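Okay, so here's just one chain, in structure tokens, the form predicted alone.
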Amino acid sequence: MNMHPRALEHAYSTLDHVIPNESELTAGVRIEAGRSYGFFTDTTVCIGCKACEVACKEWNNLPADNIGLTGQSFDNTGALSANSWRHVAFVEKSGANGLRGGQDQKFQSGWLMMSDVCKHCHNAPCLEACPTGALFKTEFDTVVVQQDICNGCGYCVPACPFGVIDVSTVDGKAHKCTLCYDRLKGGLEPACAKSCPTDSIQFGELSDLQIRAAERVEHLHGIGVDSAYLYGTPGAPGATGDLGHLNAFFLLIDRPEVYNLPAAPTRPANRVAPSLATGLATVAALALASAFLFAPQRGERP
């Protein structure tokens, strides 16, 4: 087992201080302002344990959502919300006539599992829609909501092409994943990634994660999982409509819609100019039609 040299400096289980730059030990990356960080989620190794959901709620002091059974497989969280910033999706796959076959494919046989989260888009539509500046880009290239500035207008909710942001019914403010902004400032790996037992959620510098993800796809293709592809990297599905790329991107083995992800998300801001032009053209056409209809006819007195 490879061990970071600094791990020997902290061999005791009880510490009287926070380990400086702890992310170097847990994620192999030093967190520095001015660099881009994110998540690479490899769905082929997700086991649906929900450790990420629990860790997120514990660190951010978020209450439980939808206590009870949804009837949707083992997915009782249901969706991302103001109180659930991580959501593990359970997608049951079946064979002919709804029956599971005797010989299933490798990886997640009969199941597709994915821990969904805010994508922290490079060109974030929610940030563009916010009228108060409550949403902002951090020094780590992530997107965060400042509740003390949020006025609860909800414009960010329909602007997000992934349905991530939600307005709380308790405080009337918008809430979503912060990519553990407070932990990053303290040199700590985000809670969800640190708690993941299979490294399905990997945290790191974005350029390194993209290289690691491409190598993982190549490895899967080499062992026969030809359906594996990346969602959210530059030029890939999910990074469409002028979004640029997603700082939280995924490795998938089925269509994006199966994971409740849009196949071709877009920035609503790209539709403003065409919509405005169409509206102005309609107004002009109505004005011309009205002038023609109500103009005095030849031979009539004005």
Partner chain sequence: MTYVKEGVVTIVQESRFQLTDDNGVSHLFLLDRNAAAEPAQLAPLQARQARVRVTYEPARNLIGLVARSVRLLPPSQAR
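Residue numbers count along the first chain shown, from 1. All figures in this text were calculated on a predicted structure; none of them were measured in a lab.
Missing here is the form predicted together with the partner chain; even so, the following discussion is about that form.
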item	value
Candidate stretches 273-281, 45-53, 251-259, 58-66, one within 4.5 Å of the partner chain in the model of the complex by heavy atom	58-66
Contact residue in the model of the complex, from H87, R216, H175, K194 (heavy atom within 4.5 Å of the partner chain)	H175
One residue of D171, D208, E128, D199 in contact with the partner chain, assessed in the model of the complex (non-hydrogen atom, 4.5 angstroms)	D171
The partner chain in the model of the complex reached by all of N83, Q147 and D182, non-hydrogen atom within 4.5 Å	yes
